[in-house]
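Next up is one chain by itself, shown in structure tokens, the form predicted alone.
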């Protein structure tokens, strides 16, 4: 049997593509090396704008609605802001959320095979052949959605330009989770060129740090300091921490995310927001765009390069502005924490970005207008 589309990876990008294509009546085979539910290290914050892309009952797997944030600078100078127009995001457990998306794809008609590892790919002009640990499959198109360490990308020589953020997180059970309720904490400057977070979800706190610079400093050291500065974590035993990397595309670099009959989506394509490291929304959206592209190729005979052009237009153009915002904020964390504390308008504007009502281009311009040194650049 030749499938209309084979999908490698069943995270949000792969499941989104599988769900979309199966609903449109195409034959879809989706493979993942893991068996769901499975643990996935991730903060688990989904921006509000993802809501319109998800099935109507997705809130059945939402732990918390997030209405705002507590901003701080290295654990001090805290300022709390709730949004005035409802939620800015949702907290999910990736273990539960991803399993839910896999189930939706399967219910839509996709053939799902779990615990099946990719071994090799033959990518030709009019077909793809996938060799897995359990079989050989032929498809017309392939969507690689197998995460930051994408085997699809490696085997086809794609997405070599991606940059990987340093990230450490842990999930802890504590009564303090109730104190956060509908708020997250964002600690600017908790790590050089980055931030720390405290996210409440389902009686737990997800805590972590991330940096946009791959420097020689030890991230574990900053993670431990981040914990020590929070009294509510003083007597908590952290059983396990997870070090992982978030992939994104550097500014003004080629976007090499398509093969002859292959498209990369989500983390495999480096589609992570450089400012806050959010990848879930962009995974879901790029998976849908990949599905739309494949459907268009069947119906209209359009070119596979259309996918790359859409990703450039809808994501990368905005990420270039997100990079500018990240460099401005993380190069001067003390200054920007003070700005945030006294400027609710800039916070409200960013909430609109998370809600999909404003763009990073306009947000970046607002930040530049506040800059005390217009020529300042992060080295």
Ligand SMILES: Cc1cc2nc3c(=O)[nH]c(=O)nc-3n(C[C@H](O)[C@H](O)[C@H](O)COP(=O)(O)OP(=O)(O)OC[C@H]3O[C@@H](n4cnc5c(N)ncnc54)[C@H](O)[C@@H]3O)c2cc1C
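Bear in mind the structure is a predicted one, so any value in this text is a computation, not a measurement. Residue numbers count along the first chain shown, from 1.
Omitted from view is the form predicted together with this ligand, to which the following refers.
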Interface residue in the model of the complex among 272, 72, 293, 262, criterion: non-hydrogen atom within 4.5 angstroms of this ligand: 272
Candidate from 122, 298, 244, 232 lying within 4.5 Å of this ligand in the model of the complex - any heavy atom: 244
This ligand in the model of the complex: contacted by all of 77, 196 and 198, heavy atom 4.5 Å: no
Any non-hydrogen atom of residue 34 within 4.5 angstroms of this ligand in the model of the complex: yes
This ligand contact in the model of the complex: residue 143, any heavy atom under 4.5 Å: no
Residue 283 within 4.5 Å of this ligand in the model of the complex, heavy atoms: yes
Contact flag, residue 341 vs this ligand in the model of the complex, heavy atom cut 4.5 Å: no
Option from 233 to 241, 80 to 88, 252 to 260, 146 to 154 whose residues, in the model of the complex, bring a heavy atom within 4.5 Å of this ligand: 146 to 154
Residues in 34 to 56 with any heavy atom within 4.5 Å of this ligand in the model of the complex: 34, 36, 38, 40, 41, 42, 43, 44, 45
